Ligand code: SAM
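In the block that follows, a single chain appears as structure tokens, in the form predicted on its own.
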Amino acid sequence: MCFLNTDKLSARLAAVAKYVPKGAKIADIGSDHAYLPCYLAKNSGISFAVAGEVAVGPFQSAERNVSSEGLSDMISVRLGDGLEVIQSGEVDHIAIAGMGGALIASILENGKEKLGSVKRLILQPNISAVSVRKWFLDNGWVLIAEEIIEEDGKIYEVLAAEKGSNPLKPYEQNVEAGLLFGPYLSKEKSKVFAKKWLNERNNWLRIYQQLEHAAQTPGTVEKKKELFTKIQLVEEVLGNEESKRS
């Protein structure tokens, strides 16, 4: 297990930090102990950060960490929900890590008026990265990079996006598959990527087989159809031989 501090980030937060350029003004939403903004201030040359937290305990921990590092002039620790903690035009980068993809998408949607000055979003959904990719597509953000990593037995994805005129650009032929798997990740097909989607496919197959023995109501039939489509997509992306190995 990785023990975090302001000098050593977990693999998933280190992946987020890679996409924050020197001189950035960044808001870290759901900052927890403020490890990411403290690390960026000490190692990556950012000019300003907001560490936002909705829960009082982590907020107080973030305040202590920022103060003990002597970074209170550079990092503003704020208590609030989502993008409520920032003012319009205050930051040009936003990081949100360690939440579900649907929650991340809702935070962005609810705070859309705060994104006018933001150049880049760096997001690390624990689950449902597809929700984040769909939000990008619907709101004019172009996915520019993706990473998939495994840490302490869990698999995480990191997505970076910038404003652009053609959010469909990364997806090429199959938008449905690109949204689900990630257009860059599905090209790379790393071992971690294959592990994640083989596990998902096996889980969907197990549910599908259970539904085969259930009463065939319209809802059951529709669910089977949805699962079958996803299973097929995994096998197409990974290749049938790779899928059979599991």
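What you see is a predicted model; the values in this text were computed from it and never measured. Just count from 1 along the sequence shown to find any residue number.
The following text describes the form predicted in complex with ligand SAM, which does not appear among the structures shown.
Contact annotation: Ala145 falls outside 4.5 Å of ligand SAM in the predicted complex, judged by heavy atom distances. By the criterion of a heavy atom within 4.5 Å, Met99 is counted among the residues contacting ligand SAM in the predicted complex.
Contact annotation: Ala55 falls within 4.5 Å of ligand SAM in the predicted complex, judged by heavy atom distances.
Interface residue remark: Asp81 is counted as part of the site for ligand SAM in the predicted complex, having a heavy atom within 4.5 Å. This chain is displayed without ligand SAM, yet in the predicted complex the stretch 25-33 from 25-33, 177-185, 194-202, 209-217 comes within 4.5 Å of it by heavy atoms. For the options Ile94, Ile107, Leu71, Leu137, the residue carrying a heavy atom within 4.5 angstroms of ligand SAM in the predicted complex is Ile107. Distance criterion of 4.5 Å from any heavy atom to ligand SAM in the predicted complex singles out Leu103 from the list Ile149, Leu168, Ile127, Leu103.
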